[in-house]
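Okay, here we've got a single chain as structure tokens, the form predicted alone, with questions on binding and movement later.
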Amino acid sequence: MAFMTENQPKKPSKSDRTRAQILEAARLLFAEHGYEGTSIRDVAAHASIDPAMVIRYFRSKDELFARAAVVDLQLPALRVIDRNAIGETLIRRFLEIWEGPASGPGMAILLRSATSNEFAAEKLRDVFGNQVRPVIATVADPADAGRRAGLVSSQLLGLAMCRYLLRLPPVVALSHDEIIQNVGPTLQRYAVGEA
């Protein structure tokens, strides 16, 4: 009889592997087709399991979506950087989130789905309300942080919609340097509340 020692990692159970397989399929399909365009049956087929198993593990499409669309923006601490570099810092982080090596489908899932599904829209509002607003509040008057965070978010979500979802050719063709040069100053103005 073999005994596990403290140094041996626990092997994932079949249940853990099934849950991970479902989440991987859901992330891919939600990113490609949005919330409305993805069904439980689609996710099950992509994961090569019975649709009842998806419901067993996640209870509903909404819960599956919520778990698949976990997004941590990992925004930099703006209060400790040069005040004149805030806009540039934000747009560089945006490009890392969407195009960097660690980019995942979470933001695409939320953005594509939020246009047609209130649950997804609320999830996206939560991401920005709980992540963007607190960071923006640290660089200028906290009483005005909501307005400033809203302006920053509108600029970034508009860019994301045009570049990554609609794929408007002139916006897709912009280099990172062009985006930083053109969008950075606007984000700077919005973030610090300068006219």
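These numbers were taken from a predicted model, which means no experiment stands behind them. In case it trips you up, residue 1 is the first one in the sequence shown, and so on.
The next section is about a form of this same protein that is not shown, the form predicted in complex with the DNA.
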Check your understanding: Is the gap between residue 52 and the DNA in the predicted complex 4.5 Å or less for some heavy atom pair?
Key -> yes
Review point. Do residue 39 and the DNA come within 4.5 Å of each other in the predicted complex, heavy atoms counted?
Key: yes
Review point. Any chance residue 56 has a heavy atom within 4.5 Å of the DNA in the predicted complex?
Key: yes
Practice item. Please check if residue 131 has a heavy atom lying within 4.5 Å of any heavy atom of the DNA in the predicted complex. Key: no
Review point. Using a 4.5 Å heavy atom cut-off, are 115, 117 and 167 all in contact with the DNA in the predicted complex?
Key: no
Study note, to complete from the structure: Of the candidate stretches 138-146, 31-39, 66-74, 155-163, the one with residues having heavy atoms within 4.5 Å of the DNA in the predicted complex is 31-39
